[in-house]
Structures are given as structure tokens and as C-alpha cells.
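As C-alpha cells, one chain now follows by itself in the form predicted on its own.
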Amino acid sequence: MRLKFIEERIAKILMSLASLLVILFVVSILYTILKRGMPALNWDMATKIPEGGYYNGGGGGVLNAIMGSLFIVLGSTILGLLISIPVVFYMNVYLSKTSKLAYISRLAFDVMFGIPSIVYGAFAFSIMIYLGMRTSLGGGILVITLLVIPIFIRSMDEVAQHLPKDLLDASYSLGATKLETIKVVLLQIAPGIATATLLSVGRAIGDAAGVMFTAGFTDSIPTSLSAPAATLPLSVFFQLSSPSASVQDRAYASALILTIIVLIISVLGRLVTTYFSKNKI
């Protein structure tokens, strides 16, 4: 008994230290961003596009990067959901849990989950060259969609796999077809869809390597899918690359704007997840 008590105390201490370490990392990041970003943050940064020589200390803001990031994230999220949800339903409603095809599919998506975003960027760029596309908003949406599809599918699939088998059997026993049963499954995995969307948006809006190849960069707000689009991560990168200290401070202000956007999306995602969890069995 004494030995078990000591082991439990050691495990508790290690878990507490690990949790404290994570909290310290988060606080340190936020402190650095706030310390350097707050003095440089102003209304113009969020409401104006860059003026001439912005990255050398000129006036203006990063509205072009804010809108570009939001356009890319919105487009890739919608497209990713349209592709991912049918795949999840097929693996969990039409295929059995012991199906070799389902096993191979999950393995493939696990591998895709770990592929670096720059590889997705190079792959999407090769597709764009083949199709005759230039760096554009559409190219950025394409690469981010490829990036988030594995996140969507594996996150929703994990929830769908734990659905009670009796739930599907009850649906079938009432005469429902597999297509009609999907409606029952959809209601139950709604919290998983919300969580997957939250994870995907967080990764999509912070990606820089992939969109560098495909979306390009511009000081204007994109007005079509064929127009180049700026993103906040790339804007931060370019500002940090400037030799001017004031421009570097504005990079931290841009990072603060990005953090606020992610925070808002996270809070909304949690609210949606809580709402749908009320209907989950």
C-alpha cells in the first residue's frame, strides 16, 4: 500500500508539473505578444490596407491580410466539410468496423494528418501549374482544404466510432434506410463536427508555409478566386523580416490580431459544441 501511495503521489506531481509547464508556455507567448504588440496596435491596423512602403515603416494596416485569411479559412472549411462528412458516414454507416477498406482509409488519413503543410503547399502548387493557375485566393483555399481534410475526417471518425451500435440497430429496426440513418448519426456526431471545425480553423488560419506557394501576397483585398491573397501569418513574417524596429513591433501587433481572431473562433466553437452535446446520447 505504501508503495502504491508513493507512486500515485509521484504521478500526481509529474502531471501537475506538466500542466504548469504548458500554462507557462501559453502565458509567456501571450506576454511577449502583448508587451510588444499592444503599443503598436491601433485602429488603422485593423481597418486599412498597407500604404506605400508599409513594410519599411510607412502607414496603413493589415486589413488585406485579415480579409485574406478569413476568406481562405471560410472557403477551405466549407469545402473540407463537404468532402469529409460523406467520407465519415461511408466508413461508419456503409462499412463495418472490421472492414479492411475502412482500416486502410483511417491509416491513410493518419499519415496525411502528419504531413507538413509545406509538402501540401508544394503538391497544391504542382496541381496549380498543371491547371494553369497562378498564385491566388483559390490556390490558397485548395491547399488549406487538403491540409484540413485529414483533421476533419479523423476527428469526426473518432466520435462516430464510439456511437452505440444499438442506436444504428434501432434505426434499422424501425425500417430506416442507411441514408435515413445518416440523419440520426449526424445529430450524434454534431459535437465532433464542431470540434473538428475548431481544430481545422486553428491550423488553417495559422498556416504560412502552404499559402506562401499558392496564395501569394498582395497589398489589396482579393475580389475574386483568381486574385492573389495576403494572410496574417505571412504578413507577420514579412514584418519581422524588416530591419525597422517599429515594423517589427507591428508584426507583434498583427500576431495579437491573429490571436484575438483565433480566441473568438475558439469561444464560438465551444458554445456550438456545448449546444450540440445536449442532444448527444
Partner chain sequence: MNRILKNKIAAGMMFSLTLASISLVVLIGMGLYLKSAPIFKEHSLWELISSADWQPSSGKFGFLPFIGGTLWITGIAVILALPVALLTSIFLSEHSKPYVKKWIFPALDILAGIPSVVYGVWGILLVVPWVSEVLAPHFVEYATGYSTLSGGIVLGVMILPLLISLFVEIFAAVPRDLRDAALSLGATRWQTSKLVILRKTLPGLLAAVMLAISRAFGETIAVLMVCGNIPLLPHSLFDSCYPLPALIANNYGEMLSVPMYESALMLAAFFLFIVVLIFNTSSRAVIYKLERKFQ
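Take the two forms, superpose them, and find the largest set of C-alpha atoms that agree within 1.5 Å; that set is the rigid core. Positions refer to the first chain, counted from 1. Note that the coordinates shown come from a computational prediction; the quantities given were computed from them, not determined experimentally.
There is another form of the same protein, the form predicted together with its partner chain; it is not shown, and what comes next is about it.
Checked against its partner chain in the model of the complex, the residues G61, G216, P222, P233 give one hit for a heavy atom within 4.5 Å, which is P233. Only one segment in the set 222 to 230, 63 to 71, 49 to 57, 23 to 31 has any non-hydrogen atom within 4.5 angstroms of its partner chain in the model of the complex, and it is 23 to 31. By the criterion of a heavy atom within 4.5 Å, K178 is counted among the residues contacting its partner chain in the model of the complex. In the model of the complex, at least one heavy atom of L146 sits within 4.5 Å of a heavy atom of its partner chain. Within 4.5 Å of any heavy atom of its partner chain in the model of the complex lies no heavy atom of G75. In the model of the complex, Y120 approaches its partner chain with a heavy atom inside 4.5 Å. Annotated contacts: D44, M133 and V247 are all free of its partner chain in the model of the complex [non-hydrogen atom within 4.5 angstroms]. Counting a residue when any of its non-hydrogen atoms is within 4.5 Å of its partner chain in the model of the complex, the hits in 190 to 209 run R203, G206, A208, A209. With the core held fixed, G132 shows a CA shift of 2 Å or greater between this form and the one not shown.
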